[in-house]
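As a starting point, one isolated chain is supplied in structure tokens, in the form predicted alone.
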Amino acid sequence: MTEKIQLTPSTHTAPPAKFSHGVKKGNILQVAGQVGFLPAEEGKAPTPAGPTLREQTLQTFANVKAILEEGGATWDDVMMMRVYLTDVDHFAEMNEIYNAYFEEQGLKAPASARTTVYVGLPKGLLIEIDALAVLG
């Protein structure tokens, strides 16, 4: 039986509740919903990358990528991403940022599947992203 491994990169603080930032079992890696917090600093509360959707989206991608790498995965291993936005008016801008980011990453085709929904997040947070990767 394959062991379930908790993934917490050094850039992340301990989760605020009983969950893992990422979990790997066998060749499956699930990244929990990540937001645009800057890398963790000892003794400081989590801080958003900035007030704009662009700043938060790019930092959220960095946070998801850190967990993927901790588990031995890359963006090319991602099968599904879920994007959670707080404002329907951010959809077009998020798509532009999303497309440009993955073009810069040199992702191999085909792209992962994706769902986008609108939710409530803690004050000041505009976006959350989770990802499911299959290695090998």
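The structure presented is a predicted model; accordingly, all values stated were derived computationally and were not measured. Note that residue numbering follows the sequence shown and begins at 1.
Beyond the structure shown, there is the form predicted in complex with a further copy of the same chain, which is absent from this document and is the topic of what follows.
Undergrad: Even though a further copy of the same chain is not shown here, does residue 84 get within 4.5 Å of it in the predicted complex, heavy atoms only?
TA: Looking in the predicted complex, residue contacts with a further copy of the same chain include residue 84, since a heavy atom lies within 4.5 Å.
Undergrad: Hey, in the predicted complex, does residue 52 get a heavy atom within 4.5 angstroms of a further copy of the same chain?
TA: Although a further copy of the same chain is absent here, residue 52 would stay clear of it in the predicted complex, with no heavy atoms inside 4.5 Å.
Undergrad: Is residue 99 close to a further copy of the same chain in the predicted complex, meaning a heavy atom pair under 4.5 Å apart or at it?
TA: Yes, residue 99 sits close enough to a further copy of the same chain in the predicted complex that at least one of its heavy atoms falls within 4.5 Å.
Undergrad: Hey, in the predicted complex, does residue 110 get a heavy atom within 4.5 angstroms of a further copy of the same chain?
TA: Close contact exists here: in the predicted complex, residue 110 approaches a further copy of the same chain to within 4.5 Å, heavy atoms only.
Undergrad: Is any part of 115-136 within 4.5 angstroms of a further copy of the same chain in the predicted complex by a non-hydrogen atom, and which residues would that be?
TA: Residues within 4.5 Å: 115, 116, 117, 118, 119, 120, 121, 122, 128, 130, 132, 134, 135, 136.
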